[in-house]
Structures are given as C-alpha cells and as structure tokens.
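Single chain ahead, written as structure tokens, the form predicted alone.
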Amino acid sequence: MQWVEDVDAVRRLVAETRAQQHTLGLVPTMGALHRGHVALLHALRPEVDRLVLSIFVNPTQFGPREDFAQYPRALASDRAWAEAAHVDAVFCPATSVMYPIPPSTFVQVEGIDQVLEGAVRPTHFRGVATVVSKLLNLWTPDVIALGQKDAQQVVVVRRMLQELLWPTRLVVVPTVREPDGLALSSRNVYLSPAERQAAVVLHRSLDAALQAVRRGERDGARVAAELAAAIQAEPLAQLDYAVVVDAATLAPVTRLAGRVLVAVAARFGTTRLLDNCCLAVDEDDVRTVLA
C-alpha cells in the first residue's frame, strides 16, 4: 500500500495507472475510519484495478464555530483499516497541498446547497464540492463511492458531476449501522453513554415514518410531523429538522410519490448527528432505495 502526500506523487501514480490501462476508484474521506468507510472501499474493490482512499479533514467545509480543530484524527488506525481493506494507495495531504494559497476559487452547486444541512451550515457544501473537485482533478477516477448516510452530499456531488461533465461514475453505498440502528459516524465518539443511547431515536423516527407511509400515509407534512414527534419524545435530543423532500431537488413534497428523501438532524449534547432513508413511493408499494 502506497502512502501519498503530494501532488507530484499523485500524478506519477495516475500516469502509471493509465499507462497500464487500469481503472481507478476513489473513496474520499476525512479519516477517523470505521466500518462505514470500509463498506465504501469494499463496494469499489471488485470494480477497479486500483483503489485509492483519500484522508483529508477539509477546512473549507467547516464553519467558524464548528468542530474543525476537534474533529477526530486517527492516522495510525486509519492506516490499519486501509491495509485490511486492500487499498492500493492512501492520499493524505497537508492543508498546504490542497490549498497552496488562501482559497478564492470555489465550486458551488446553487440551490440544493442552501437547504437542510446547508441552511444550518451555509458554506459547508461549497467546501465539499470544492474539495471533491480538487480530488477529481488530481486522481481522474473512473468511479467514486459515497455513503447514503450523507444523502445531501450525494445529491450535491451527483449534480456537480452532471453539470461539469465529469466522466466519473458515482456509486452510493447503504448506511452501515450499529446493531441498535444508530448510523455509524466519526462523530459518534463525542457522545456520552447517555447520549449514545438516546441517539438511537434518529433511526426509530425514520422507522416510524416508514411504517406510516407503508400504512398508506402520503401527506408529506404528516409524515414529517411523525418524524419530529418521535425525536422530540427523547429528552436528550434537540431537533434541528425532520423533513420529507424530493430526492433529486430536495424541495419539500406535499404528497409522497416517486423518490423521496426522509431526513432528520438532531443534537445530543454538543454532537450533531444526521440520518435518513430514501423511499420509492407509489400508491400500492413503498420500497427503500439509495439516494
């Protein structure tokens, strides 16, 4: 496994890969790896000749009062996870590599970057789109993988790929959960034992909404109210939002039909967690699908 930290080394590795007519897959991460990240790597491993993992805590996707400085960093364990997943190369650049001068050039997917998470973190998806664009420019991957847990990120990156005519294919991987349903997240380490137990309410709320839809409920406001009520019943949860939106545009839906995203965000102490499910809905059938 190669450990790559600078742009010239990336370009040499990419040139070698293309000279051998090999395909290349990329999984972009901020490190603090867990089984959710490994699921992304496993999803791409059979599809490509070379598999690259990037580890970079991207400062431009953090707001001024967010947890950039405290975000978990665990390079020793990240290396072990990557080796176990049979990664060919790990790209772990310094901030000065990704941003050699103070940034003034950004990629922004307007509209869908200012709702849901974007309403709370107005510059977050500009940072995400910019750093993913940089990684695409450097690695020119044939395919990248993102997780369903960050569904809005999936929507933003997919739109960016379409609009900027990137040939890279996007693979979306199902959310990996703990046995009690809590979605795996690097931020779960921040939770106290009581908060960790309470955080399962996110998954319970999604399940309650799903069951309501399967019983025939199609009113978007009522499904959203079911979500909110389930979370607000947990004393340690502070609800940020509970919504039902179109899976492609992230616009609110009044009546559930086609592909819809059911999404929640809540705080447990100082830790903010997200969860969601994507549904394909018609009058007689409801299926869970990927964003």
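Quantities reported herein were computed from a predicted structural model and do not represent experimental measurements. Start at 1 with the first residue shown and count on from there.
Only in words, not in the display: the form predicted in complex with ligand AMP, which the text now covers.
Peer 1: With the cut-off set at 4.5 Å between non-hydrogen atoms, does residue 71 touch ligand AMP in the predicted complex?
Peer 2: Taking the distances in the predicted complex, the answer for residue 71 is yes, it comes within 4.5 Å of ligand AMP.
Peer 1: I'd like to check something about residue 175: if you look in the predicted complex, is any of its heavy atoms closer than or equal to 4.5 Å to a heavy atom of ligand AMP?
Peer 2: Within the cut-off, so yes.
Peer 1: Closest heavy atom of residue 184 to ligand AMP in the predicted complex, within 4.5 Å or not?
Peer 2: It does: once ligand AMP is placed as it appears in the predicted complex, residue 184 has a heavy atom within 4.5 Å of it.
Peer 1: Looking in the predicted complex, any heavy atom of residue 259 within 4.5 Å of ligand AMP?
Peer 2: Outside the cut-off, so no.
Peer 1: Only one of 149, 218, 196, 159 gets a heavy atom within 4.5 Å of ligand AMP in the predicted complex. Which one?
Peer 2: Looking at 149, 218, 196, 159 one by one, just 149 meets the 4.5 Å heavy-atom criterion.
Peer 1: What is the one choice in 43, 48, 239, 30 with a heavy atom within 4.5 Å of ligand AMP in the predicted complex?
Peer 2: Contact residue from the list: 30.
Peer 1: Looking at 74-82, 167-175, 96-104, 201-209, which lies within 4.5 angstroms of ligand AMP in the predicted complex, counting heavy atoms?
Peer 2: Contact criterion met by 167-175 only.
Peer 1: Heavy atom within 4.5 Å of ligand AMP in the predicted complex: which residues of 31-48 qualify?
Peer 2: 31, 34, 36, 37, 40 sit within 4.5 Å of the partner.
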